[in-house]
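This document contains two forms of one protein chain, each encoded as structure tokens and listed individually as structure 1 and structure 2.
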Structure 1
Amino acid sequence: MANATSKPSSNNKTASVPSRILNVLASIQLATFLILALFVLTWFATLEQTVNGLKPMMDKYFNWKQLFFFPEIGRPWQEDGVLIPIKIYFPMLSGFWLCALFTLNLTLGGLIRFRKTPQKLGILLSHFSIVFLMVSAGVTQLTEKRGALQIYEGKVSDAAQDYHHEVIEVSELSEGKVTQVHLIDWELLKDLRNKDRERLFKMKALPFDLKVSNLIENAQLTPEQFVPPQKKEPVLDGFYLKKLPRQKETEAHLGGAEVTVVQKDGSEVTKLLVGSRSLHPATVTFEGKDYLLRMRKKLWPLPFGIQLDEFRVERDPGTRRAAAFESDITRLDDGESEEVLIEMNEPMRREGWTFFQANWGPQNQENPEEYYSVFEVVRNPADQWPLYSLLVSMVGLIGHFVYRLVLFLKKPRKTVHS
């Protein structure tokens, strides 16, 4: 165990306050509490995931901006398909801070204060590997980019779309071509969701500003002529934002908002609707120049292009269900090209980006004229760290067990006389 061999630096009765705090932080008692707390956290997380979905649960349970939260679980005996969370008034410590404290505890008690003798090397390595694992989880939490790249056969794409984060983009045009894209990031928009709030975005490099209001997390831009508004939703140009039910898997959410183009002196020019479900951007003309305005899932530009050469799917006999599917792609990088096969569980790793074969379509047709392939695209500097951590842990534990076994075998045994 992490702190089994730790010793207080001095007698507690005479130790200074900092020294006592250090003793607590490095103690086996704290380690035990944290492991139990993480167990409870995992238990609640598993229950909450079934009603609120994976991503919202992860955001809530591992939010570094809060110290504790109240878990929600599904209401027992509810009808099938009904997702009604009930709040449990049990203050649960944030998983982020539990993990951070556990890492500190293990570092102090299991590494710094650990008795470093050749006999304990295996245990020390194991402790180090767990600290390394926790650090890699933290790096992943804070830096990982994860999105999807959907591409049709014969087409080239050089950007993945974030699963969750949406942005509002303003594209400058010259002779019908986009020359510059300005964007309002999700971090500046997300607190406007489903609240009667608005925010003015002063666009530094543009001759106008944008005011965003009525931002709805999951919305359909709906023609009032065919589906009249039920809740007095404001109608703009014959359409309004219809709020759609919350989905458990929030990557299915596509937001919408009202955007007002505002002159630098504060006077409003025009108001329009944008939404991630839109097929085309809106065009705004300001001082004789055209700009495109749209809301979309955030794009992650890739350092190279991906061309889908061929997609293959093998179906289970007599069904449309895919047994296996794979993609032949060509990676296009500054005039150089490389042909790669990406298949299930065999991703392509290049320049810090990993491409997993994730999905395909259209799946509702027997023999579609044109297939598309979907890759999950991940950029995570700590991508392989858990593997390294487990290898170190394995080496440490095997070394320690072998050492103990040798000791045991060498131990003189009492001769049993009859």
Structure 2
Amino acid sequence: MANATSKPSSNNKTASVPSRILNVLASIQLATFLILALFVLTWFATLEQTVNGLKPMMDKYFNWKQLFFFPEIGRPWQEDGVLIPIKIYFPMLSGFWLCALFTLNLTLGGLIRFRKTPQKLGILLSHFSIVFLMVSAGVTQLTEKRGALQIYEGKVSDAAQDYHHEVIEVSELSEGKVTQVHLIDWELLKDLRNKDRERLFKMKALPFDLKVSNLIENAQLTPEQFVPPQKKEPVLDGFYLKKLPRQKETEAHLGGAEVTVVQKDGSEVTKLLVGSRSLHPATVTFEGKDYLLRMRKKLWPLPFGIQLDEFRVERDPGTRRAAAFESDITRLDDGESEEVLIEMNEPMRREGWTFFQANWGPQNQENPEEYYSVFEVVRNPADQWPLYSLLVSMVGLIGHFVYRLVLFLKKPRKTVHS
């Protein structure tokens, strides 16, 4: 009897490398790991937020430019009224890339490879809503801008002040008036916060260059005569940059730096101290022309103007505490105007911009002659995407519930005989 040779079936063939990778990326095991990793990351992020504040925590935990980071928590003692962070040498994956991988996992396993039948439409919609929500979070992380807009009654403004980014501004003067302004952007300055870092900026439109050093994130220009330096800070013209305690609300930080005016041949002319808390800019004269140098929060233009018509505040009876406050504004856009009411929890949305009623002043006067209103300005193209995602998810879940209910009601019942 001859021996029969059997050929392996196609089902037993070893899967290709791309197929294996696809199976791993779409697997429920990877989804479980990512959910657990995001849970741990959220726990550490909550602990670190109590030490470093919300903005630094978000920049660190959801930074798309890095793959790993080391979390920090607070020690049980404080220095200058601020908790001291202690680094934990346990590398964690960036939350941005964890969410990106989770989005890919949901797309492959929950949408592309999911069995598509009319009965599964509700589940498919729910999966799609989660993917859409994750995409909106990524768009927000990469594109969102937040700032503040302060306006007095009767005034108009068309520029918002960034919460965190600062610039060094050089203004040319002619007959005592500013004729042209040159800026050094925060993206070119922010890494100078590290100790002993400096950078020479070639100012092509100016007859001199600027060298920036000793950049401090939160500083006060302080007179040596009244408050002597305690840490051997360099003193220029009787002033020095005093480092202030780090705040959790980093939008309250106002920086300072040492700026050296350098001739084009590389020789130094003079050194100046600039700071966002300084009331007056530094002045330098070069080749018979005057220039103003100062550090300030970065401004970004709005696509329309805002005029504050009237501000109103209601106080709790018998106290000076505000119970509610609101602003009547006029939006000015290319010759057109629109009156809008902005109040607490009722923002104005227009062209991807959102204006929240955030603060007001002056608050230390009972009946001031003139109020000002402070709006938080948010630029976020994905502002309403979470709402759309929630609506899609709601439709999917309700549809799936109704479908299962109909099947249950149509199911024949067994007759029980006594």
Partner chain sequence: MNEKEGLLVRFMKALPLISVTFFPLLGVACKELPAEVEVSETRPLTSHDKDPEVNASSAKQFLPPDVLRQVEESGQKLGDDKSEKQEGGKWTYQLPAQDWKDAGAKMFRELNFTFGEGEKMGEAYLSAVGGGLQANIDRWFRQFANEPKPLDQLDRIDFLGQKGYLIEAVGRFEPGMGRPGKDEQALLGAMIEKGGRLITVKMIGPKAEMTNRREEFLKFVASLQQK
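Note that this is a predicted model, so its numbers are computed, not measured. Think of the rigid core as the biggest set of C-alphas that the two forms share within 1.5 Å after superposition. Here, residue number means position along structure 1's sequence, counting from 1.
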## Note on the structure
Only one structure is the form predicted together with its partner chain, namely structure 1
### Message
Once you overlay the rigid core, does the Cα of residue 111 travel 2 Å or further between the two structures?
### Response
no
#### Entry: Flag for residue 285, CA shift 2 Å or larger between the two structures after aligning core
yes
### Cα displacement of residue 172 between the two structures reaching 2 Å, rigid core superposed
yes
## Note on the structure
Superposed on rigid core, residue 336 CA travels between the two structures a distance in Å of 2.4
